[in-house]
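Two forms, one protein chain; C-alpha cells for each follow separately as structure 1 and structure 2.
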Structure 1
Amino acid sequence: MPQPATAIEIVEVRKSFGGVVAVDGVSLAVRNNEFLALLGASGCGKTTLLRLMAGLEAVDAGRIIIAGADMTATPPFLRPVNLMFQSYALFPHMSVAENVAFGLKQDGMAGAELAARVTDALELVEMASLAKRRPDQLSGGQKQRVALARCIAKRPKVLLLDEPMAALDRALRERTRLELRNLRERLGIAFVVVTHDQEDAMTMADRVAVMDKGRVVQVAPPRELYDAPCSKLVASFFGESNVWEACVSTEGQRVDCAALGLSVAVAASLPAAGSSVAISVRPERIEFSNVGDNAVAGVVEDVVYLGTVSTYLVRAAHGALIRITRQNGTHPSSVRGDRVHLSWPASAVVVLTA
C-alpha cells in the first residue's frame, strides 16, 4: 500500500475560545520527513494549532488527517503523534529511564522489548549514562533530552514540539537546533515545532509557516521567506528589514517614497501607476556609498556593536530611519552624528502589496 504524501494535512480548521478566534480557517500540509516551523508572535494561534494536531483541543470546523487517516475526532492517545511540552512535564519521582518508559508501559509494553526501546531512545539523545538520575539532578538541557527521548520512544509518525528551546541559554540553544535537525534526519519522521524565534525557524526548518491572527500568511523555505516576503508583516517579522510606504510612480520601474524623499528604482514587477505599496530593503543590502541605483544622505543616530557585525541607524533628511548591517572591519566605522551617504541596488527592493 503506497504511503500518503503528507504526514499531517490540516483542512480549513477553525477554533475559537468564547468569542476569540484562535485558528481561523487554516489549511496546511506537513510533508513526510519534513521539519516545519510554526512561527509567529504571542497570540497568533500557533500553539493552539499544534494542540489541535495533537488532539488536546477539539476543532470547531475542518479536518485533521494524519498519515492518510482522518483523525479529527480521534482522541490524543490514539493518534500517531507525540507532543513535547514547553515545560517538559517530567515526573519528578521517576528516574530518567522510568520517565521514558512511562508511555510505553501505558501501551502495554514490558520486559526486554520495553528495556530495549528505552535504551535506544536514550542513546539517540545521548542520555543513556544518566538513566538512573531523577529530573532534579539534571540541567535544563538534559531535561529537554529526556522529554525528547520519551516522545521518540513511542516512534510516532509526527513529533510536535512546543517552544522546545525557550528555557535554554544561547550556547545550548544553538547546539540544540542542530541536534534536533540531525535527530529528525536519523528518525525519518516529520517534526512540527512552534517558535516565536526566527533564528530557531531559519536554522532548523525545511519550511516555515508564518502565522498572524489565527491565519497562515505565508509558507515557504526560510531563504524564500527572507528574500521574497509576501507582506509587510512577514518582511518585518522574519529577519530585520527596512519597510517604507510608497506609491507606484508613472516613471517606469520606480516608486515614490516620501519618507526617503526619493523616487526608488526597483527591479520587481509593479502594479498600476498610483497604487499604494510598501517597499522592503534588508539592512545588509545597503552600502555606505553615494553610488548606486538608489542613494540618500542622512545622519547616524546610533551604532550597535554585535561582535562580527554592527548595526547603524541612520536618519534620512526626509524622516525615514534606515537600518544598515555591516561586517566589522570591512568599511570605515561611523559614530553618532556622522553625516553619511547610503545606497542600494534596485534588485534589493522588494515590493509589497499587502
Structure 2
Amino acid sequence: MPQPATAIEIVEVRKSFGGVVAVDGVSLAVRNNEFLALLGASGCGKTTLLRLMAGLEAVDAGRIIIAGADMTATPPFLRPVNLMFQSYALFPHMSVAENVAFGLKQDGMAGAELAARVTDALELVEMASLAKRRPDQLSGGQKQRVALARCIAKRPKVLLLDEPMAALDRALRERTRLELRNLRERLGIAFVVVTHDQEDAMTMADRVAVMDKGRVVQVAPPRELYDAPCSKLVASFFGESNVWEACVSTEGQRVDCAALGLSVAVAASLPAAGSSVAISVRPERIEFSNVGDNAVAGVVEDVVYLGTVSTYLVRAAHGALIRITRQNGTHPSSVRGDRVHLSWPASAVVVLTA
C-alpha cells in the first residue's frame, strides 16, 4: 500500500462553543515526518484545533483525514494520534511505568513485549530509572517526559503537543526544544505543536501556521514568515518589526508614508497606485547612515542594551518611532538625545496588503 503524503489533513473545519466561534473554516495539511507549529495568542483557537485533531471535540463542519482515512466521526480511542496535554494529565493512581503501559495495554499488548516497549519509551526520554515512581513524586520537567513517553509508546501517526513548554523554566525550555526536534527525527512521525511562543515555533518547527481569531493567517517555514510576512499581524507577532501605514505612490516602486514623511523606495511588487498598504522593516535591516535607498533623520529617544546587540528607539522628524537593532562594537554607539541619520535598502521593505 503506498504511504499517503500527508499525515493529517484538515479540510474547512469549523467549531463553535455556544455561539462563540473557536475554529472558523481552517484547512491545513501536515506532511509525513513534518514538525508543524500552531502559533497564536491565547484564545485564537489553536488548542481547539488540536483537540479536534485528537477527536476530543467533534467538528461542526469540515473533514479530518488521518493517514489517508477520513476520521471526522471516529472517536478519540480509535484515532492513530496521541495528544500530550498541557497539564500532562498523568494518571495519579498509577506509577510512571503503568502510565506508559496504559495505552499499549488498550491494544492488547502484554508480557515481555509490553515491558520492552515501556522501557524503550522511558529510555527515549531518559526516565527509565524513575519507572516505579508515582506522578506526585516527580518534578514538572520529569512529568513532562513521562507524558511524552506515554504518547510515543503507542507509535502514533501524528503526535500532538499542547503547549509542551508552558510549565518549564527557561533553561529547560531550550533543552526540551532541541530534544523534541531530535526525537522527531528518530521517530520519523509528524509532530503538531501548539504554542504561543514565537521562539518555540521558530526553533523547532519546519513550518509555522499563524492563527488569529479561529483562522489560519499564514503557513510557511519560519524564515519565510520572518522575511515575507503576509499581514501586519504576522509581521508583529513573528519577531520585532517596524510597521507603518502607507499609500502606493504614482511614481513607480514607491509608497508615501506620512508617519516617516518619506516616499519609501520598495523593491517588491506593488498594488495599483493610490491603494493603502502597510510596510514593514525589520529593526536589524536599518543602519545609522545617511546614504541608502531610504533615509530619515531623527533623535535617539532610548537605548536598550542587550549584550550582543542594542536596540535604539529613534523618533523621526515626522513623528514615527523607529526601532533599530545594531550589533554592539560595530559602530560608535549613540546615546539618548543624539541626532542621527537612518537608512535602509529598498529590499528591506516588506509590503503588507492585509
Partner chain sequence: MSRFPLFAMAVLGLGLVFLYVPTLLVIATSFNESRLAGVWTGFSLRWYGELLNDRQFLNATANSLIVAGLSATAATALGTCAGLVLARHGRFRGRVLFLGLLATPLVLPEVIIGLSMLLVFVAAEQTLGWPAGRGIGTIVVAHATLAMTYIAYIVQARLTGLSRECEEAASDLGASPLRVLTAITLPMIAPAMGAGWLLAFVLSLDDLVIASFTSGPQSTTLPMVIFSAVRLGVSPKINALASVLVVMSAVCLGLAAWLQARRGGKVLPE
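Treat the numbers as computed from the prediction; the structure is a model and nothing was measured. Residue positions are counted from 1 along structure 1's sequence. If you superpose the two forms and keep the largest set of C-alpha atoms that fall within 1.5 Å, you have the rigid core.
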| item | value |
| --- | --- |
| Selected structure - the one that is the form predicted alone | 1 |
| Rigid core superposed: R186 CA moves 2 Å or more between the two structures | no |
| Did R207 shift 2 Å or more between the two structures, C-alpha, core superposed | no |
| After fitting the core, R134 CA displacement of 2 Å or more between the two structures | yes |
| Shift in Å of the G108 Cα between the two structures [rigid core superposition] | 2.7 |
